[in-house]
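Shown next as structure tokens: one chain only, the form predicted alone.
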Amino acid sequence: MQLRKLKQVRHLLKPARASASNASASGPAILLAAMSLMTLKPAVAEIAPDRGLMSLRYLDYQDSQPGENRIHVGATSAMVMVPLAGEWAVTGTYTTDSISGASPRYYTYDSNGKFPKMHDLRRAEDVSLTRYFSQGTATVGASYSKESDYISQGLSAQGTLSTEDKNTTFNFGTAVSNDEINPVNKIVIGERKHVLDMLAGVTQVFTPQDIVQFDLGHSMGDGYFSDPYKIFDNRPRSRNHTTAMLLWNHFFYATEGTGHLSYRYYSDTYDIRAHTLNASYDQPTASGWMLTPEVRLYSQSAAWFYLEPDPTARPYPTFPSYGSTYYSLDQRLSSFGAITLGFKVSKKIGSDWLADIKYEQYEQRNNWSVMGNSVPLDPFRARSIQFGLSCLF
């Protein structure tokens, strides 16, 4: 099922929401905010934009293992935001993903190097409408995504509410998605998956240099969660998870740069527990340049039904125990750790244009987990290159 792979990379194309943290949401401030990637930076109370914004992004993603390039994704996204009547804004995004390459049927080794080939194309649209108030915002949105074997539809609502002095902002939101799964191998036909997400948080300005945000999220899902393209993959028909995230932004007067530090804890009913630590730093330079290095550390435990590989069975799969109800050979459910290194360069061109490029390198290994080690598998690596161009109108 290609959607699972695309979900790992599609978020890279999404622009961050414009904020009024240090300037009006019009002019260069909204341009810079809209061209930022989703780098876990606190959001504060927003004000209505007085100019429109157009953005075009392209992502090139490739993952690999020793001796084999596996999945390649080329994704293009176009976004338009139009202000309405001084108090409203409508935003629309259109994304296409082309995925191709080779993916193993089980685990991430094959002594003969024979991986089944595949290709798919996804198209996705989403639209949102935001109403701006003197002390908050309200947003409603809808999304639709389709590929050869997967259709997803979703609705969302979110809002912010600030105190009179704007030093404290509360945020809350909910989203529902309904998916239909029809794999080309006909393992299942017309399967469904339903997910309800809820989020609440608070952002606090502590000093002129420091902003802290805490978010708490909960998701409840039921339906078909198995991977029909993997051998021996039968997962529970419900999956709930909870996340807690703490973010801190600090402005350095000496360099006029901003540091971003975040920690995220995740737990779900698969017994997966995960920790994510992310750090980045924005350094403006002369002539409108911005340099942003970033590092992300990740570690998770294994799902309770993950089937550890038997090294003596290579290159064949490890069979589930007789009578087992749930089992999976998907290495993403194993215990592993991962490191991501990234570097982004942005350039402001005139008063209305901004261009950027970002490179990220990811590596995943079982013995990097701090939460118990699964049987070692081949290292998994991925790299992504992103290009972006935006303009105000």
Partner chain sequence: MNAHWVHVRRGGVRFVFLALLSGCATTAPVQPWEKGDLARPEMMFGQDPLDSAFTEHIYSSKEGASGGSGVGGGGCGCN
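Computed from a predicted structure; not experimentally measured. Numbering follows the first chain given and starts at 1.
A second form of this protein, the form predicted in complex with the partner chain, is not displayed here; the remarks below concern that form.
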message: So, a 4.5 angstroms cut-off on heavy atom distances: do all three of Asp215, Asp268 and Ile272 pass it with respect to the partner chain in the model of the complex?
response: yes
Per contact check vs the partner chain in the model of the complex (non-hydrogen atom within 4.5 angstroms), the hit among 166-174, 305-313, 319-327, 183-191 is 166-174
| query | Should Asp233 be counted as a contact of the partner chain in the model of the complex, where contact means heavy atoms within 4.5 Å? | reply | no
Are any of the heavy atoms in Phe133 no more than 4.5 Å from a heavy atom of the partner chain in the model of the complex?
no
* Flag Met220 as yes or no: does it have a non-hydrogen atom within 4.5 angstroms of any non-hydrogen atom of the partner chain in the model of the complex? => no
Contact label in the model of the complex: Trp368 to the partner chain, heavy atom within 4.5 Å
no
Note: exactly one of Leu84, Val202, Leu129, Leu291 sits with a heavy atom within 4.5 Å of the partner chain in the model of the complex, namely Val202
When the partner chain is considered in the model of the complex, the residues of 355-383 having a heavy atom within 4.5 Å of it are Asp356, Lys358, Glu360, Tyr362, Gln364, Phe380
